Ligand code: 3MF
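Single chain ahead, by itself, as structure tokens, in the form predicted alone.
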Amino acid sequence: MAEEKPTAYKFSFGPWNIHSGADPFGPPVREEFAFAEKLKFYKKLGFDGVQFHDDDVVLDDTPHEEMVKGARQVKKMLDDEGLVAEFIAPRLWEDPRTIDGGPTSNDPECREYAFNRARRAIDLAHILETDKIVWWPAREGTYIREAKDPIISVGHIVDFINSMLEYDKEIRILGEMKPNEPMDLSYIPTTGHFIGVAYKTADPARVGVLIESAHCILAGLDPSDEMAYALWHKKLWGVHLNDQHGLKFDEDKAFGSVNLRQAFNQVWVLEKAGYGRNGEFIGLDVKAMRTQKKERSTRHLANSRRMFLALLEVVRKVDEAEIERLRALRDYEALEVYILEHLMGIAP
């Protein structure tokens, strides 16, 4: 029997990961790159896939015929650069009609707006030739719990997912869960919550998850365990690797920059499960430090990719037989040192 070749990983990021450095407490600190300029960075940095919000492709109020024309122009730009679209994500958290959520709004007109915008994102996905719609339920929660009926709200979420599944019989929905921010308290805040909801939809086989490292940490959970849970369900169809300093705002720090061992375990779980062999991307969602000059404001992307590949090399050097031996002995002190020695490059 021929030995299986190692996974050749593909990487992606979104154009918002190259940005001007503005944040809630300060204005831009460097000039913005044009979209076409950003696309030219992808291959140079070792990336093949582009993550899109719907309005990264065309503005959300563009008439249908112009929308189709604009999306085809973006598709040509991707083709010219040798890139592919990984997914489309409807941006449902910035429009005034989603101030109190889209799918979970108390206002039926606002819920209908969310349905229509999601269907429009599916139309864009067809043109860009991707079957993945990522849904980040940014405002699907409350500032005070009495503001909405929580039982009805979960039903609204299922209705929203079903509206997309019924609109298109090929599209797949990837929930990207986060416990807070911008809402104080989110509905279905974790991977497990969303997978539970997935099984109640019209077509559970087409509903899975995209897991972001920082979102798991914000929920007090280990990202590798969340990934493993989704992998067991065969529903991990995307990742956003980054890092995070504990339970605070969503920092989107470079992968491995805070907790190298936690990053190692994410790479380990993905590698051992064969993630990536069916075309899945190693997606990044990382922000450049605000102090970076414009000409250096892509280093966080290159650094994160480099950290993944360096940790992958460590994972592939670990002796699985030795891991199993130490597990059988329940000698977890020795197992811990064994992993640490490999991470530090001092393994005998």
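Keep in mind it's a predicted model, so treat the numbers as computed, not measured. When you see a residue number, it is the position in the sequence shown, counting from 1.
Separately, the form predicted in complex with the ligand exists; it is not shown, and the next lines address it.
Contact with the ligand in the predicted complex, judged as any non-hydrogen atom within 4.5 angstroms, is confined among 132 to 140, 184 to 192, 156 to 164, 72 to 80 to 132 to 140. Listed residues 250, 95, 225, 123 were compared with the ligand in the predicted complex; 250 is the one with a heavy atom within 4.5 Å. Shown without its partner, this chain lists 240, 172, 111, 235 as candidates; in the predicted complex, only 240 has a non-hydrogen atom within 4.5 angstroms of the ligand. Contact annotation: residue 86 falls outside 4.5 Å of the ligand in the predicted complex, judged by heavy atom distances. The ligand in the predicted complex comes within 4.5 Å of no heavy atom belonging to residue 338. When the ligand is considered in the predicted complex, residue 53 lines it closely, a heavy atom lying within 4.5 Å. None of the heavy atoms of residue 280 is located within 4.5 Å of the ligand in the predicted complex. Contact annotation for 173 to 190: residues with any non-hydrogen atom within 4.5 angstroms of the ligand in the predicted complex are 176, 178, listed in sequence order.
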